[in-house]
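First, one chain by itself in structure tokens, the form predicted alone.
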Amino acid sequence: MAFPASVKLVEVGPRDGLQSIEKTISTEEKIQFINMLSSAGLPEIEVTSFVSPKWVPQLADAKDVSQQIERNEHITYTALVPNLKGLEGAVESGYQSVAVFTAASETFSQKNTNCSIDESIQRFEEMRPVWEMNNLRVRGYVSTCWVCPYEDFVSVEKVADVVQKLVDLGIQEISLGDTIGKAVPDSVEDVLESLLSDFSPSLFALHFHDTYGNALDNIRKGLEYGIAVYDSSAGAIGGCPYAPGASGNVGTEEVADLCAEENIVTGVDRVLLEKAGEFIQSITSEKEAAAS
């Protein structure tokens, strides 16, 4: 199959990249990082999460960051929202795009969100009137679409069931997550082959971790199947705090380079992207060194 002519890179560094770092990164540093990503022309930036500071202290300044970043009208700025209260916070902070999250593995759902998969879907149903009333674009994350740190391999039937529930809620883009980085091209092919018999490639984004060095090969497999949206983190920072061994978001720089090699348009300024990655790497390295 032919690769897509263009790809959208969804930059998740400011949220997914920073959330698991223990030492507090200042609001000013976060704002500078996001502004640098905007300057690099990333088409979508996941800015923060309106989640309880008790659970993710690093993102306690969600409102301040959201209010102070320099927004570019050509860029989609997205906030992760775990529940109705979080959604209302995102609306108050001017977001037109939000993301919700669930999982394909029951145990991971309990560990990550303290609720079952069905309960997470019920939360979304409670949120739906608010996002419809405000005409928001809604993105859905599905974690553990290949392997769960607690249940091992996850069946594609479970993934498809969750995808269908999100589609029924009117969610416009669904990001399939390889939460602990154990997917390989053959398993990516198996999942996509099955899902694309019922759903359009345009529905999906792919979110690979590079924990075991498979991310770029998995992305290449996704491209073969016409998937044109990929989540990545500048400087390859971060992972999931609720998934043991889930370090290693794939670097936005690496994904941009892969696309360039294949003559796929991303619209991203590679030089400015690298500066943003180096900036946040230097900050996170200092924080981690101070913590050790």
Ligand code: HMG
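No experiment lies behind these values; they were computed from the predicted model shown. Numbers follow the displayed sequence, beginning with 1.
There is another form of this protein, the form predicted in complex with the named molecule, and it is not shown here; the text below is about that form.
Only one of 154-162, 130-138, 176-184, 216-224 lies within 4.5 Å of the named molecule in the predicted complex by heavy atoms, and it is 176-184.
For the candidate set S39, Q32, Q68, S52, a heavy atom within 4.5 Å of the named molecule in the predicted complex is found for exactly one residue, namely S52. A heavy atom within 4.5 Å of the named molecule in the predicted complex is found for exactly one of A236, V229, V255, V56: V56.
Residue contact with the named molecule in the predicted complex: D16 places a heavy atom within 4.5 Å of it. Taking the partner from elsewhere, T78 is found to have every heavy atom lying beyond 4.5 Å of the named molecule in the predicted complex. At a distance threshold of 4.5 angstroms between non-hydrogen atoms, Q172 is out of contact with the named molecule in the predicted complex. When the named molecule is considered in the predicted complex, S120 lies well away from it, no heavy atom lying within 4.5 Å.
Of all the residues from 197-220, those having a non-hydrogen atom no more than 4.5 Å from the named molecule in the predicted complex are H207, H209.
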